[in-house]
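To begin, one chain is listed below as structure tokens, in the form predicted alone.
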Amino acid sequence: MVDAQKDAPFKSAQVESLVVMKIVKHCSSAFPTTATGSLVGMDTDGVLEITNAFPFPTLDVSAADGHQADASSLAAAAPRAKANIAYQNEMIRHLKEVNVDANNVGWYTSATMGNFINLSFIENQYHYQRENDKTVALVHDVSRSSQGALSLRAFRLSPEFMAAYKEAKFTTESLQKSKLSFHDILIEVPVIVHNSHLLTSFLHQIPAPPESSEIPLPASLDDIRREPAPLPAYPFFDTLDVSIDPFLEKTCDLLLESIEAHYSDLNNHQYYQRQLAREQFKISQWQAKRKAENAARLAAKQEPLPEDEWQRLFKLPQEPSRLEGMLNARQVEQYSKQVDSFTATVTSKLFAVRGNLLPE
């Protein structure tokens, strides 16, 4: 992974604060449906500057063909839809007319509890990164951001995975030759939120809180009316709550679902191995029988029968793609890291009150 970072076309993604606000507003308004949009900007000295963003048009589900189409699946596939590609090119053309950065540098999507590593995400990023290597996928986790801390991460596909996905060969033999694992699917790029000089000047002009915690008492009623006394900060007791975080429970449920999906994919591969072993046993029996027949025919001075006829009589089962299993494993790793981050605060609180819980 360190070598991949060195060979990357850019080292970090610098996102303007206005772009962050646009992404947060779009993803929050569309929650729980997946929200997607396009990113524009430019690459400067190894830093991918994202200066503008616009959402993709939403598609009416009732007007869509097929009963299996829903809002989330349609929105997740929006970045590579032909209509949205034309819309994106038209928006970039208009941005060029007003002399604004109009280079496509990727796309963004919303997520819930880190649940974004799927085949649709891979196909979207491959669609962008195949045309331009200097593109990135921004993932905004609406559920994590609702806790008070912004969750905005940037990802791109590794060169090894891009080559494997181009060949569309994710068999056991090909993965062993390329030594590709689920760790090598995505490369996370550091995200830097950048403010303009005008906004920075405004932030510096905001009055700072008083340095002294002691408030002088007013001498008369006129002093109170002229200079109202500031109220002290209200104590925040939520940090002392030792109950289990509901986001931790939801993440554990999603983790169990991903593990079940991983075992289901593993069972499918084991079924393929049993079918392959059964067919290979039949082929070996047929070849042994054919060799015995040819030996008898040679003894009778007759022409031997072809021994490669088994390729027409028997059909070996096709190995299922291991891509789904790799994505499930990567998603399990993502959930495990989230559980680790959640349990760190809960465990420290439980150890803090442990002395009062145990009998003396």
Partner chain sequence: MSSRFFRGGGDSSTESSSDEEELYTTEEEEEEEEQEEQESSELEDDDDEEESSSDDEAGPKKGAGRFLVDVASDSDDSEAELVTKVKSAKDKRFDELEAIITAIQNSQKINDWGTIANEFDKLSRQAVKLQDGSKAPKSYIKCIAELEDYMNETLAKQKVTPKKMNATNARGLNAVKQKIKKTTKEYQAQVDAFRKDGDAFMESSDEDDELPLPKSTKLKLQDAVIPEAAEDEEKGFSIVDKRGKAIPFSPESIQKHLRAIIESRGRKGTDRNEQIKIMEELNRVAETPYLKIRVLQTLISARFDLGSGGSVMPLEQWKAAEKELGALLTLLEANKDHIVIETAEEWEDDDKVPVLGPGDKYITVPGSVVSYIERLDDELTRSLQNIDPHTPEYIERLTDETSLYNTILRGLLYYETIQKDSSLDVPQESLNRIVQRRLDHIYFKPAQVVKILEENSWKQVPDEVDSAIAPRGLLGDAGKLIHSLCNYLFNKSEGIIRARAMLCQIYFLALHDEYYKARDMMLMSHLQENIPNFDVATQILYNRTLVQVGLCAFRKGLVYDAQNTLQDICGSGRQKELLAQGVMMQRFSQVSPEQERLEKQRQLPFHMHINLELLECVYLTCSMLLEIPLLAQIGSSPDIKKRVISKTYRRMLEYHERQIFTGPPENTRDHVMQASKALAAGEWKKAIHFIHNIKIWDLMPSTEDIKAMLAKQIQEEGLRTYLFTYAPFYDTLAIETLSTMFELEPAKVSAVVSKMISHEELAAALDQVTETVIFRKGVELSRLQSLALALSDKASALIETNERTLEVRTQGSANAFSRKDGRQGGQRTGGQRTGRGGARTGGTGQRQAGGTQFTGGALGAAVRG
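In this text the structure is predicted, and so the values were computed from the model without any measurement. Positions refer to the first chain, counted from 1.
The following text describes the form predicted in complex with its partner chain, which does not appear among the structures shown.
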- prompt: Wondering, does Q273 line up within 4.5 Å of its partner chain in the predicted complex on heavy atoms?
  reply: yes
message: Can you work out whether H262 and its partner chain are in contact in the predicted complex, taking contact to mean some heavy atom pair no more than 4.5 Å apart?
response: yes
message: Within 4.5 Å, heavy atoms only: does L150 come near its partner chain in the predicted complex?
response: no
field: is_contact(D253, its partner chain) in the predicted complex, heavy atom dist at most 4.5 Å
entry: yes
statement: Which of 286 to 294, 191 to 199, 253 to 261, 118 to 126 lies within 4.5 Å of its partner chain in the predicted complex, heavy atoms considered? The stretch 253 to 261
- prompt: Here the chain is shown alone; which of L180, M91, L248, V139 has a heavy atom within 4.5 Å of its partner chain in the predicted complex?
  reply: L248
query: Between the options L266, M162, A86, V100, which residue brings a heavy atom to within 4.5 Å of its partner chain in the predicted complex?
result: L266
